[in-house]
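The data below hold one chain only, encoded as structure tokens and taken in the form predicted on its own.
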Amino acid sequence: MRRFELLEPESFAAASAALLEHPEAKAIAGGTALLILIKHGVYVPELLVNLRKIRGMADITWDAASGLRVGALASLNDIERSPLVREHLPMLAEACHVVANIRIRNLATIGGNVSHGDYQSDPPTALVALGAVVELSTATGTRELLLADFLLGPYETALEPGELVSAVRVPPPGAGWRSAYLKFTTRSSEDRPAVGVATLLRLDGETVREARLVVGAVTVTPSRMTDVESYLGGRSLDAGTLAEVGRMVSAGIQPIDDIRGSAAYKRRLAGVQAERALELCSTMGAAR
């Protein structure tokens, strides 16, 4: 590894100013993704801006009106273990829990996770299904963007020069919603997902009133299956409905080849996992 300079600002404004002054610089928090790129020579830094000394950016708070706010430096383990997340948004806790292993989850931050733009990651799929918003801040102001619009492609996001993800916000889900996140790996349980499916259901008895279904790790960004959501409205989740959902997902998704499976394999797998995720979701307790 080559030598590089390291700045450790103690304020958000100073970090943003450093990134603007040095366009080639990268921000680093947990470093679980960036350090791998550096070690393999994919990225050779001249300057890194370490965010770890900035206070107040790891807070996790809940408000009944505005929902959950997670500071960008909160680790995935912080989110997984947070009583607020477990009570109000258990699917997000599960999506963080299944990332890699405890060592990675203790280091990896939610800001770094979404900023990296890795399509083979669990939390973004759950967050897109939950309608999450990212706060994008500089020294002079903050703007907000739906995470679904922030993620542009593999390792590509809508971050502008000098911007940092300062927080991720999730609106309150409303009464009666059930949720589940289901991950499938082709190797060990610590591997990245070959497919991840996030589901939310609002049921009236056995009838689906509203549904959300997002498939991740198969396409270049998480894919919300709006046609499937419309199909589910007013139906019960019997074997025939689930089979049709699987068919619709397999037909409607546009997967890419990678080391975890061919496009054809992932197309079939996405349909099967969508069926399983919906069945799992229907048995979960209702969200608050």
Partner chain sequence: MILEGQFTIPAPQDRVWSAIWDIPTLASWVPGCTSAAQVDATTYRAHLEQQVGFLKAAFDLLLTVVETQEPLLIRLHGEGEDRKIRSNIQAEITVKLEPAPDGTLLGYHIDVSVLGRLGALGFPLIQRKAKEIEAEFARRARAGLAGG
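Small disclaimer: the values here were computed from a predicted structure and weren't measured. Positions refer to the first chain, counted from 1.
FYI, the form predicted in complex with the partner chain isn't displayed, but the following is about it.
Interface residue in the predicted complex among R69, R224, R235, K26, criterion: non-hydrogen atom within 4.5 angstroms of the partner chain | In short, K26.
Candidate from V220, L242, M248, A58 lying within 4.5 Å of the partner chain in the predicted complex - any heavy atom | Exactly one listed residue reaches within 4.5 Å, namely V220.
Could you tell me if R2 has a non-hydrogen atom within 4.5 Å of the partner chain in the predicted complex?
-> Output for R2 is yes: heavy atoms within 4.5 Å of the partner chain.
F150 within 4.5 Å of the partner chain in the predicted complex, heavy atoms = Flag for F150 set to no.
Decide whether E46 counts as a contact residue for the partner chain in the predicted complex under a heavy atom distance cut-off of 4.5 Å.
-> Because a heavy atom of E46 falls inside 4.5 Å of the partner chain in the predicted complex, the answer is yes.
Could you tell me if P154 has a non-hydrogen atom within 4.5 Å of the partner chain in the predicted complex?
-> Yes, P154 lies within 4.5 Å of the partner chain in the predicted complex.
With the partner chain left out here, work out from 94 to 102, 73 to 81, 137 to 145, 112 to 120 which stretch has heavy atoms within 4.5 Å of it in the predicted complex.
-> Stretch 112 to 120 is the one.
Of 254 to 282, which residues get within 4.5 Å of the partner chain in the predicted complex if you count heavy atoms?
-> Those in contact are I256, D257, D258.
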